[in-house]
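Okay, here we've got a single chain as structure tokens, the form predicted alone, with questions on binding and movement later.
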């Protein structure tokens, strides 16, 4: 439907009020012109959601126009998995990457789940197959296996429980025995071993897979440079970073954990070793604080846009419609539900 100039003006200024101080790139901020260009799509998406009884779930790494323009819920993988499980909507539009939309479909087999970005990958999820897990478990019979939520439905189906970066240490500690298989994040596996040793419950972590294309790029020298350039800065990082980086930071935690830490902290300046989308959110939600971001953009997450979100709502392409084999979904659902049980 057409929108009046007043409607577009009001929506653009609402968005600009949120985003005028928010980073679009390292060198640029969101402008009123950016918000004016976004406004008609935001209005159309929000109308289409009502007509379709749809809900938009947006990961914090997507762009601010999605997060603050059309998202009904925003957060990290665990938060959005919970919202997917709770929603009464008949259609779920998941602005994220493929494994996240798969998780939503597994939890909502009778609902339509679409992803604007199509089959957007993830270096972690793409680094491990079901066959890889089967071989690893055959080599270590009887050893419990955890998979990071950043994995495919097929990998989840082969594991005892799924975990997120927010609950991984607690769930790993609860698993029986002195050995534990963890896939597919090799750097997080090292951080699990270090944290469990610190807690006095050491385990041998057997791992295989890959790493996050954003968080694996950070090095100790970035932390040292942040501290040299900004005396007193608080540096926070994600557990997908290398252990030698995490050891130098003031806080290491999940996307939600980092957001909560900033919210509760009295500090005014933070070094962010994470993806730009979270920095955008924190800039919006804490305008009284400053955030220094060296680099780090997930090109997969940024494939979601207002244009393809509207298109996926109105007429999704086959590659945007999420389907999961029934048997795979049933086994993966057990792994996901086990996470919710152990995370209590």
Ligand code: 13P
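For clarity, every value in this text was computed on a predicted model and none was experimentally measured. Positions refer to the first chain, counted from 1.
From this point on, the text means the form predicted in complex with the ligand, which you will not see here.
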For this session: Could you confirm whether residue 100 comes within 4.5 Å of the ligand in the predicted bound form, counting heavy atoms only?
Result: yes
Exercise. Quick one: does residue 158 come within 4.5 Å of the ligand in the predicted bound form, counting heavy atoms only?
Worked result: no
Problem set entry | the ligand contact in the predicted bound form: residue 150, any heavy atom under 4.5 Å | yes
For this session: Report whether the minimum heavy atom distance between residue 195 and the ligand in the predicted bound form is within 4.5 Å.
Result: no
Problem set entry | One stretch from 175-183, 254-262, 129-137, 200-208 that, in the predicted bound form, holds residues within 4.5 Å of the ligand by heavy atom | 254-262
Exercise. At 4.5 angstroms, heavy atoms only, are 77, 165 and 215 all close to the ligand in the predicted bound form?
Worked result: yes
For this session: Counting only non-hydrogen atoms and a 4.5 Å cut-off, give the residues of 226-245 close to the ligand in the predicted bound form.
Result: 238, 240
